[in-house]
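What follows is a single chain, given as structure tokens, in the form predicted on its own.
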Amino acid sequence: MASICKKCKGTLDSNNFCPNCNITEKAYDKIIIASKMFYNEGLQKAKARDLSGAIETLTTSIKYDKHNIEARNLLGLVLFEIGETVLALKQWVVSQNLKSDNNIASTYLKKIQENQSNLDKLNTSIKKYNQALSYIEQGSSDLAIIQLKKILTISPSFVKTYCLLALIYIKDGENLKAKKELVKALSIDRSNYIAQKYFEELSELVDEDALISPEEEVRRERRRTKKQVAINQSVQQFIAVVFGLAIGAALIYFLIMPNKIDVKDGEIEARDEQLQIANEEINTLNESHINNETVIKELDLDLKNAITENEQLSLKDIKVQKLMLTMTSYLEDNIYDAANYLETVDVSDSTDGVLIGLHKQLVDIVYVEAGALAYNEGKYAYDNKNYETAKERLEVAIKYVATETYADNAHYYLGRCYQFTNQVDDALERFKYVLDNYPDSNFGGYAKDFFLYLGGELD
């Protein structure tokens, strides 16, 4: 009797090799064991409040086995403990999708979903954090500090907020205030790398001698300059968090959305009842041979209106479901699947502002990431002279991106792929596109040369 693959439930061959998973049963067993070992290690670190270490170890655990529900749920709890509520929700949503029955993640999500005030606080924290980052970009440190302090009154365990607040204080030369914030961060997560790094650099700044030689002053000034550059880079790293928090706002919407869907389902059921009643009334009229054409027309119009409203509610429900599939695929790092689902959602005829806003937010996030992923894969294939694969990936890239800094590169390399595969007309179109739409492109000269070489004529 043939053995069954533990991963995909397919049939193993005589060597216990699964052709679907491309792995042997023995190797898969080792991977599962490794995942459990990392989970146990992560659990011990979490108990010792080495939360950053626990996050790293648990992340490794689910990389080995994404179906390790215990590791994923614990990772969510640790992230929740340090105030990374959005990332925690992501892990629990994925966990629930992987295993819907007897999963403690469902309980965690239900508790958050049922507590509207917590969702409102989380949404407020996200907005204030993004606003603080915006103030930092504008150079308004005072306004950023106000926003960050407000966040800490709502989410007192949000470690990144303490670190960002300390970073602003360091940049403004208020080292003692910075030190206090870092101590608070380390009291929550004693191994937090960012807090430790800033604390060490802060100690060097505070412990410098008051009286130093001019030569030493020059050397220290150079060190200060390097540290200032590092601080500025750190600020930019924090600004990059906006992307993650933006997707968090969408995640909160989906936590609230099931209740709204239930309401819409109720409305659809009510419409169905109205349809049934209208049909019964029409049948009754027909059976009774009542020849009141006006009444029949009115009932027929009511029936058509009910059908139209029912269809509109159903269409909106379908759009919401597809957006939820987009979100789930994105959280599971299936970027292309997420983009494909999103392409099927048309909100041009919708009047729901929340639905339209959510769709736009997902487009801004998913399409950009899908385009970048496709471009990198296409460029790698191009560099390795695998032009068919490169062409396929680059075509995906230009579909999703138009304003990214690498968009002109994508069009140029796609043109070269067409050239190498003897698709002259397509190559000319791509090179001409670069010349017309990206006049300042680094590849403009090359695009022009190849365009003319292939017989193109400039205007």
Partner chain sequence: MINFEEELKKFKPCLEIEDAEEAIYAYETKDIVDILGDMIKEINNNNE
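Numbering follows the first chain given and starts at 1. Quantities reported herein were computed from a predicted structural model and do not represent experimental measurements.
What comes next is about the form predicted in complex with its partner chain, which does not appear here.
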If we test each of Asp337, Glu174, Glu377, Glu201 for a heavy atom within 4.5 Å of its partner chain in the model of the complex, the one that passes is Glu201
Of Leu89, Ala185, Ala71, Val78, the only residue with a heavy atom within 4.5 Å of its partner chain in the model of the complex is Leu89
- Message: Within 4.5 Å of its partner chain in the model of the complex - does that hold for a heavy atom of every one of Lys63, Val93 and Ile194?
- Response: yes
Here the chain appears without its partner; judged in the model of the complex, the stretch of 345-353, 117-125, 358-366, 382-390 with heavy atoms within 4.5 Å of its partner chain is 117-125
(request) Give a yes or no for Tyr406: in the model of the complex, does one of its heavy atoms lie within 4.5 Å of a heavy atom belonging to its partner chain? (result) no
- Message: Is Tyr108 part of the interface with its partner chain in the model of the complex - any heavy atom within 4.5 Å?
- Response: no
| request: Answer yes if any heavy atom of Phe158 is within 4.5 Å of a heavy atom of its partner chain in the model of the complex; otherwise answer no. | output: yes
Discussion item. Can you tell me whether Glu181 touches its partner chain? I mean in the model of the complex, with a 4.5 angstroms heavy atom cut-off.
Written reply: no
In sequence order, the residues of 31-53 that place a heavy atom within 4.5 Å of its partner chain in the model of the complex are Ile31
